[in-house]
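Encoded as structure tokens, the following chain is the form predicted alone, with no partner shown.
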Amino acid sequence: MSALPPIPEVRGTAVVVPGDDIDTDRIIPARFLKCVTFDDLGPALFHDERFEADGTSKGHPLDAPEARGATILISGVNFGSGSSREHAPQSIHKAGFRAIVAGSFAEIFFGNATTLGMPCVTLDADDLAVLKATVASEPATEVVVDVANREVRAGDRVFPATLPDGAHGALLEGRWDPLGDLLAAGDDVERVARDLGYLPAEPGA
């Protein structure tokens, strides 16, 4: 049994980060990767697109007053391309986002985000445009990323969403973190180790 919570849906307000092919270096610049833990990566999210060298704001959508407290990030196609740095989804998660809606995702980014329990769902181009326009015109609109039913809802609009079967099952069954899954299977791990026959019964034996 998994010790992780299932994630049937994520709901909250959303913010649109416009553009396609947003790569991981834009999501979090390389100089922020020199860290021991991921805990402090939230403020570094999109840092160079949000701030001038002297720290003044460039007026990025993430820093708009209406974006405060948003839990769902919306963007374009090929989101998370570039390097495989897991710091990118970590910085999004540490900044408070719990789901991402886009036209498509880079494969490694998708996997790293899912491992955090952060659903990444895709909409077709027309629906994504409508969702972006809805959030842009009415930022207080509650957006629901319904993992269970593979749809996104905003106001009275319902958009069919795509989420691969593997991630869909992992999120609903609370098996989205392979390490957590491994730790939760302690007895089974020990049984397999015993059955292999060539591992010591006790560490150091």
Partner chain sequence: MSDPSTASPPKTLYQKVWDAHTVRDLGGGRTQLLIGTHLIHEVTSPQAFGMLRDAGLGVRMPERTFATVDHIVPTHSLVEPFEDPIADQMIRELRRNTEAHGIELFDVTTGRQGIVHMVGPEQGITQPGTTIACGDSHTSTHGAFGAIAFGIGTSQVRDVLATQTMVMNELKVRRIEVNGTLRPGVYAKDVILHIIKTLGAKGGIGYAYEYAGDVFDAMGMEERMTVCNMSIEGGARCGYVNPDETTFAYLEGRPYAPKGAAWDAAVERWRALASDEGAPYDDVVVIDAADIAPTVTWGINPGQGVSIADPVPDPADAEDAAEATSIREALEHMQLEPGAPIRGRKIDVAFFGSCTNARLSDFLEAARVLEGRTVAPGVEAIAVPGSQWVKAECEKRGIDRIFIDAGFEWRGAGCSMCLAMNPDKLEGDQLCASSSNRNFKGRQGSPTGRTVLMSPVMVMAAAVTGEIADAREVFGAADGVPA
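Residue numbers count along the first chain shown, from 1. Heads up, when I say rigid core I mean the largest set of C-alphas that superpose within 1.5 Å between the two forms. Since this is a predicted model, take the numbers as computed values, not measurements.
Heads up, the form predicted together with the partner chain isn't pictured, but that's what we're talking about next.
- Scanning 71, 122, 83, 134 against the partner chain in the predicted complex with a 4.5 Å heavy atom cut-off leaves one residue, 83.
- The shortest heavy atom separation between residue 165 and the partner chain in the predicted complex is within 4.5 Å.
- In the predicted complex, none of the heavy atoms of residue 151 sits within 4.5 Å of a heavy atom of the partner chain.
- Looking at residue 199, you'd find a heavy atom of it within 4.5 angstroms of the partner chain in the predicted complex.
- Although the partner is absent from this view, residue 105 contacts the partner chain in the predicted complex, with a non-hydrogen atom inside 4.5 angstroms.
- No residue in the set 17, 57 and 158 has a non-hydrogen atom no more than 4.5 Å from the partner chain in the predicted complex.
- In the predicted complex, the partner chain lies within 4.5 angstroms of at least one heavy atom of each of the following residues of 181 to 196: 181, 182, 183, 184, 185, 186, 188, 189, 190, 191, 192, 193, 196, in sequence order.
- Residue 190: CA moves 2 Å or more between this form and the one not shown after rigid-core fitting.
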